[in-house]
Ligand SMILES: Cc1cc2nc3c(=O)[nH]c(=O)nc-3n(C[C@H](O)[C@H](O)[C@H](O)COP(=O)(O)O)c2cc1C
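The chain below stands alone and is given in structure tokens; this is the form predicted alone.
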Amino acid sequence: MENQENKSSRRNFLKTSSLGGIGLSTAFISSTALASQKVKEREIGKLNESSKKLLTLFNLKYPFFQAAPGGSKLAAAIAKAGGMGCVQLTWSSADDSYEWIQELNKETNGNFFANYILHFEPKSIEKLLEAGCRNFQFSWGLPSQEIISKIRNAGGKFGIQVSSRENAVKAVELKPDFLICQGLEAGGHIQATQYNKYALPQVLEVAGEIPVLVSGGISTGEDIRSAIHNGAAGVVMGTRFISTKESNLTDGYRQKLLEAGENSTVYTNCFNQDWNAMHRVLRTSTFLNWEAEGCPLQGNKPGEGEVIGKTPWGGDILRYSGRRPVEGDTGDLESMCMYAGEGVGKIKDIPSAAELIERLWKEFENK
């Protein structure tokens, strides 16, 4: 039988516990309401301050940037629809680049940029500045002070693709106008070594007031909403944008993108005949045959050196070349390199660029 002291202690404990429970319940309700409010905010697409800064900086309607592939026709269509177009000029002649930039300036408000991969010497920058190009983006390296000075002296802007905190620190020292955070989800040649859920917080921490865009696996308005709610100013889309009517892909390549599923891409160094860098591609017949042989090194690949196609100007396309099949190419195009990011499984149609951008914005706003 309990003594009076024990009974009194128990009564005090129960009284205190009950009062404490009321406090805990109130706190729980408050935290639950706050969490619910945050969920509602995430469900409704809202641009953050960094997004608004990006739109003002480049006179854009939407914080949607085109990744390098796709061609100048697609770049113009994206720019005219309110996004940021892009032309890949790393391997193009200075004269061809000059003509494309002049044409884009006639068709658009200048909301496009020239992309250069710094594993290769950027030989046409001066010619582009002469043509009126004012926006540039660099990947796979950092632009020299000489290049930056030329761009700044012409009143231009530039961005740098990064993939980690350390990479971002080096890039920020050059005072770029924007950064692109690339993740392993991306298609094409991949500078990244980690997925964006790890890379983006690192880059944002370093970037400060510099707008940061996310690249890799972005295919829907929901993907865009997630990126912006996690601090990104906007997104860069490659696979989703090349799956449009204006891109310079062959019809067969577009069809392969439509047919792709969740496990249709592979991160590999298979197609390294021109450039020995890691890349994400569809599992075409060339890759499957190479994988079946145990992924042998250069010099021992099945069918290595075979001519599998011709370019529009009559050049040979070799097996294991990094060239993707574009309009005018002929030959065994299915066995060529077909770049695609991890978001390819969400692509279900081939709309025009303008139709796609309008849809993505509505999905972002959740309308």
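Because the structure is predicted, anything quoted here is derived from the model rather than measured. Numbers follow the displayed sequence, beginning with 1.
Beyond the structure shown, there is the form predicted together with the ligand, which is absent from this document and is the topic of what follows.
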> With the partner left out of view, is F271 within 4.5 angstroms of the ligand in the predicted complex by any non-hydrogen atom?
Replying inline: no
>> Does any part of E185 reach within 4.5 Å of the ligand in the predicted complex? Heavy atoms only, please.
In response: yes
> Is A75 close to the ligand in the predicted complex, meaning a heavy atom pair under 4.5 Å apart or at it?
Replying inline: no
>> When the contact criterion is heavy atoms within 4.5 Å, does Q161 count as touching the ligand in the predicted complex?
In response: yes
> Which of M84, A199, I101, I242 has a heavy atom within 4.5 Å of the ligand in the predicted complex?
Replying inline: I242
> Among S215, S124, S247, T286, which has at least one heavy atom within 4.5 Å of the ligand in the predicted complex?
Replying inline: S215
> Mind checking whether each of G45, G231 and N366 has a heavy atom within 4.5 Å of the ligand in the predicted complex?
Replying inline: no
> Which among 310-318, 294-302, 50-58, 333-341 is in contact with the ligand in the predicted complex, heavy atoms within 4.5 angstroms?
Replying inline: 333-341
> In sequence order, which positions of 56-72 have a non-hydrogen atom within 4.5 Å of the ligand in the predicted complex?
Replying inline: A67, A68, P69
